[in-house]
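Heads up, the chain below is alone and in the form predicted alone; it's given as structure tokens.
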Amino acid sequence: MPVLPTPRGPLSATVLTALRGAPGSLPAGTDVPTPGDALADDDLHLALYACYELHYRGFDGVDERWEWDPGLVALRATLEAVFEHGLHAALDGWTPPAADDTTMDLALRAIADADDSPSLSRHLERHGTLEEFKQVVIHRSAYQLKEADPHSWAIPRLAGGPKAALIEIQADEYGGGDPARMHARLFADTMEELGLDPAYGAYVDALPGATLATVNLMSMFGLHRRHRGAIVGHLALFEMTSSIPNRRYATALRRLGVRAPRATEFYDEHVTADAVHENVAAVDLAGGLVRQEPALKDDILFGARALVELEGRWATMLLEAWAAQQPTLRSTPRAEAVAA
């Protein structure tokens, strides 16, 4: 189990200090101010990340009853409200493309095609350094070491065809029953080959709020039934836009001299798997859900657009930092070892 991270401000200090004690000890009336950037604030997103992790692996030495402690759940709801308000503010003026159950794939593709964010995978494929690649792997470890889990929260909230489609996708993510082929395990193999620590949660202290936000988005969508459309849209677009970037990442590793199959297998696997998943996710999952629940159409498209927004901000942050020769990771001994 991962250890509790280091607080970054009053919100995360309140949450993490409470988790070291007995459930029920969270101070009442914690003030949650609106940060300057609700989509990247370090303190907000570490506090929210810590709350969500209680639903995944938990933390070493933390009483598991904290998961549903009423006071902590209430504070989490307030943190989520700030995050969600920031999302809607960032997307103010955006109008979901017209679609029905037969054209959801086209609407989702239109969202992807309208994304004008810089391409991180193209940079790494053509110009990236090994140090930059390692940094990206560390950033991604917060999600990839639990790959599929946030989206799996949607399984009991769906029925019929959409549920079957989601399970088809998730079964591949979990290795089709082979623990060695689980995508999270393949990513851990990549980390080991690059000399990084593959332990779950090992680099959380090094991850900025913009990175944690990309993971918190999935957790927030997945853990709320009212967001079942958004988590479906998030997964659908994730699968539709994954194959080409993963091919570029694999190419980048080989260009950089990292050719061991154990290092590249994670990316090679996604080139094939996500090409298959694309149609299932867009047509059978997203389109099927609209066929069952037409009122969720805009929620599905919002989940996809929110993914594009946060991923674009994250990629821009990394590329601008590298261009300015600035670190992309918070200063920790583990992060400094990567840059050494």
Partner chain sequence: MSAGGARITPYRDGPLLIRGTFTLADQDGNDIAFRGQTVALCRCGRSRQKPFCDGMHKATNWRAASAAQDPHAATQDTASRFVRERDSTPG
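Computed from a predicted structure; not experimentally measured. Numbering follows the first chain given and starts at 1.
Missing here is the form predicted in complex with the partner chain; even so, the following discussion is about that form.
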#### Entry: Every residue of Ala81, His85 and Leu223 near the partner chain in the predicted bound form, heavy atom within 4.5 Å
no
### Task
Have a look at Leu166, Leu72, Met240, Ala206 for me and say which one sits with a heavy atom within 4.5 Å of the partner chain in the predicted bound form.
Met240
### Task
Could you check which residue among Asp284, Glu309, Asp43, Glu67 gets a heavy atom within 4.5 Å of the partner chain in the predicted bound form?
Asp284
### Message
Quick check on Thr34: any heavy atom within 4.5 Å of the partner chain in the predicted bound form?
### Response
no
### Task
Indicate whether the partner chain has at least one heavy atom within 4.5 Å of a heavy atom of Arg109 in the predicted bound form.
yes
### Query
Is Arg126 a contact residue for the partner chain in the predicted bound form, using a 4.5 Å heavy atom cut-off?
no
### Query
Asp115 near the partner chain in the predicted bound form, any heavy atom under 4.5 Å?
no
### Summary
Note: the partner chain not shown here; in the predicted bound form, the stretch from 45 to 53, 274 to 282, 24 to 32, 300 to 308 having heavy atoms within 4.5 Å of it is 274 to 282
### Contacts with the partner chain in the predicted bound form, stretch 243 to 263 (heavy atom within 4.5 Å)
Ser243, Ile244, Arg247
